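Shown here is one chain on its own, the form predicted on its own, set out as structure tokens.
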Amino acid sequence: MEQITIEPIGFIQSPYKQKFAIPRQPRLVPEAKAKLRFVGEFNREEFVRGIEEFTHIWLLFRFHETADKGYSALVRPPRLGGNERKGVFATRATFRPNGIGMSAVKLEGVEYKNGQLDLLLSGVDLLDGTPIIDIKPYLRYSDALVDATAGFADTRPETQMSVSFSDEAIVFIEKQKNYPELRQFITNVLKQDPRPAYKKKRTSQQDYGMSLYDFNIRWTVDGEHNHVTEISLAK
């Protein structure tokens, strides 16, 4: 069988420093800002000339943290509570042949400074350091299929999770002038309920932590309520 070599055109600089807490799909958390930093021969303005005419773009990428861990023909989609198996090609599971993913994200701008080309993005669902292998403009007349159906994932995932912050966490957030949307960002991430499916059934209080940007966030879950207890700078 013919072997195909794919070279990354760039890498994502994302607020998500770990897989835990990344939204299941793009644009569920619009405050998630990122950069696509071009590398090598692709770090030239000619490659993106005219791209600012589009509000959204498709990113084709590689699941770099799971691509070498193999795959299975059957997977357990989180939307089904992890209890039902579906064919990997009938899902968007990360463990898949070739480890390729795709996301439609908002293009906020193009930046070229000191010889470095970046695309400014929002609504990303990508891990920091994700290699990007291609970009395509989002075409509304072709890509927005209003009469399409989507099986077990036909509607946007919704939860009843609420979010509150300790006084200490609020004080910390208010000092982060470079991150004006930090509180809303954390809120929307937690409203997605990033816990593994098997833990969502527990009724006792649970403690969790995640890393966003350069911050460590600690919170508790009690029923359908998240309470952010502490935010600190990552060491």
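From a predicted model like this one, the values you see are computed outputs, not experimental measurements. Numbering starts at 1 and runs along the sequence shown.
There is another form of the same protein, the form predicted together with ligand SAM; it is not shown, and what comes next is about it.
Undergrad: Within 4.5 angstroms, counting heavy atoms, which one of the listed stretches 120-128, 157-165, 107-115, 138-146 is next to ligand SAM in the predicted bound form?
TA: Going through the listed ranges, the match is 120-128.
Undergrad: Would Phe61 count as a contact of ligand SAM in the predicted bound form, using a 4.5 angstroms cut-off between non-hydrogen atoms?
TA: Phe61 belongs to the contact set for ligand SAM.
Undergrad: Considering only heavy atoms, tell me if Pro77 and ligand SAM come within 4.5 Å of each other in the predicted bound form.
TA: The answer is no: Pro77 has no heavy atom within 4.5 Å of ligand SAM.
Undergrad: Report whether the minimum heavy atom distance between Ala153 and ligand SAM in the predicted bound form is within 4.5 Å.
TA: Result no; Ala153 lies far from ligand SAM in the predicted bound form.
Undergrad: According to a 4.5 angstroms non-hydrogen atom cut-off, is Arg218 in contact with ligand SAM in the predicted bound form?
TA: Close contact is absent here: in the predicted bound form, Arg218 is far from ligand SAM, nothing within 4.5 Å, heavy atoms only.
Undergrad: Tell me, which of Glu181, Glu52, Asp193, Glu65 has a heavy atom within 4.5 angstroms of ligand SAM in the predicted bound form?
TA: The residue from Glu181, Glu52, Asp193, Glu65 that makes the contact is Glu65.
Undergrad: Scan 82-114 and note down the residues that get a heavy atom within 4.5 Å of ligand SAM in the predicted bound form; none is a fine answer too.
TA: Read in sequence order, the residues that approach ligand SAM (within 4.5 Å, in the predicted bound form) are Arg92, Thr94, Gly101, Met102, Ser103.
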